[in-house]
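In the form predicted on its own, a lone chain appears below as structure tokens.
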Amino acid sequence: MSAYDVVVIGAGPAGMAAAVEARGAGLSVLVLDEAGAPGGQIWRGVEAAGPSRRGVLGGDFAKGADLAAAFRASGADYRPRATVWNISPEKVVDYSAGGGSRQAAAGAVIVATGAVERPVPMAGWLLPGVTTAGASQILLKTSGIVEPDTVFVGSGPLLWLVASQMVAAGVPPKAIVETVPHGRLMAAAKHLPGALKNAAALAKGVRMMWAVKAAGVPVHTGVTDVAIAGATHAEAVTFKGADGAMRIETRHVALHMGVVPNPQITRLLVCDHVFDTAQRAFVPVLDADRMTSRAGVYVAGDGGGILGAAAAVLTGRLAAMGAAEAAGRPVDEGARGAVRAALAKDAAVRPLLETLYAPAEAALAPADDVVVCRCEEVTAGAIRHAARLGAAGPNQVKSYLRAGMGPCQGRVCGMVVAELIAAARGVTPGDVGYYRIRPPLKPLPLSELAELGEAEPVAAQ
């Protein structure tokens, strides 16, 4: 079993920044990442993207190439296509790579696994042809594939970003069906003075929306009763808008209502979490250095609360500084203070965005006949019924109905299950809690366990 000062999980903006910072402090670093190249979801494929694709994806995407180059040059032990499936309380990391499982002991663990898109269960959401906005963006980033009749449904900055990137690619969306309720803008306006501290982010958002509308993409606002029609595949999006009932024919629907932290590893390690009412998501409790309630375990990036790519880089640096200090290495307090100041400035826009783009009620409380747990085909009505029978939280519902027991281990249904139980019991999601996460975090062949613990090359110091 190899030993490292720091094991970083994930090679997106936060993970790469953490690795570069930790190596700069003289720490030995192992980076484990499921992807085949650095970049994460935000900068997926950035090293391979040519000038034309970078032009389509925008300047923020191109910035990832510089960090990826610094990461490659940092001397970190980088293991792509490596899936972490367990971490012990003693910070021994089990991971699968190359058809076998190995172990690495860590002085500190930096979790940089980012966020996942919030599920948007509705009638027809399981039909072929229905994806998420993030999935549409992955196709664009990795393969240059753009579906010409895509209808975006939901709300949030990512929805507008992907739509604007499609416009830049010359294949604009067919329509945007936005679920932001009328009057939400006025509620968000009270946060505008604070948000102006990050005026650049606001200006970027306005430019994205303007580009989409200038391209002639129809935008339907304040819609309700959204459903996806079709027998064997998506055929249309139906909804109620300003002009009454409407129907848009399409074979490609991209759903999005924001992103939420990926909690699997911090839940596995039984770190303390709280329910963030603004983000409508559970987030781990972190100190100023991004350390969790479990000593030596840090969270960098959106896994500790949704802040975006620029902030992910900053939090990656902070987590690495904290790990370096705990290891007895000197930390430049001036540099750490500058990073914290930059993070506060970047985060100034979040209250406005979180108020404006809070998920629609229909996403948190789908109709009884809508499937919520895709793996086990459990409906919202069945979950409500279980709660009324006395199921106090997601783990009890799992016992009753198998919801959350499939291959995704609750990654898709977890947030909705918690919301449904809380509503049925008249309490908050924080009161009902979340699924208890157990290893393996991802499906694992039993044959790999036979090789677990085989000797590995000693890490370069």
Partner chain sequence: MPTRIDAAGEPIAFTFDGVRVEARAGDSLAAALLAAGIDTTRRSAVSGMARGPYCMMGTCFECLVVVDGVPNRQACMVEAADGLVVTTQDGAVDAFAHEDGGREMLA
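Numbering follows the first chain given and starts at 1. Here the structure is a predicted model, which means the values were calculated and not measured.
There is another form of the same protein, the form predicted together with its partner chain; it is not shown, and what comes next is about it.
Chemist: The chain here is shown without its partner chain. Which stretch in 45-53, 420-428, 60-68, 22-30 comes within 4.5 angstroms of it in the predicted bound form, by heavy atom distance?
Modeler: Within 4.5 Å of the partner lies stretch 45-53.
Chemist: Looking at the partner-bound form in the predicted bound form, is L140 within 4.5 Å of its partner chain by any heavy atom?
Modeler: Result yes; L140 sits at the interface with its partner chain in the predicted bound form.
Chemist: Taking its partner chain as it sits in the predicted bound form, is L269 near enough to touch it, meaning that at least one heavy atom pair lies within 4.5 angstroms?
Modeler: Looking in the predicted bound form, residue contacts with its partner chain do not include L269, since no heavy atom lies within 4.5 Å.
Chemist: Even though its partner chain is not shown here, does L255 get within 4.5 Å of it in the predicted bound form, heavy atoms only?
Modeler: Contact with its partner chain, yes.
Chemist: Heavy atom to heavy atom, is V171 within 4.5 Å of its partner chain in the predicted bound form?
Modeler: Yes, V171 lies within 4.5 Å of its partner chain in the predicted bound form.
Chemist: What is the one choice in K204, K197, R374, R72 with a heavy atom within 4.5 Å of its partner chain in the predicted bound form?
Modeler: The residue in contact is R374.
Chemist: Only one of V285, A338, I145, A214 has a non-hydrogen atom within 4.5 angstroms of its partner chain in the predicted bound form; which is it?
Modeler: Partner contact (heavy atom, 4.5 Å) among the options: I145.
Chemist: Though the partner is not shown here, which residues of 22-48 have a heavy atom within 4.5 Å of its partner chain in the predicted bound form?
Modeler: If the 4.5 Å heavy-atom criterion is applied to its partner chain in the predicted bound form, 22-48 yields E34, Q41, R44.
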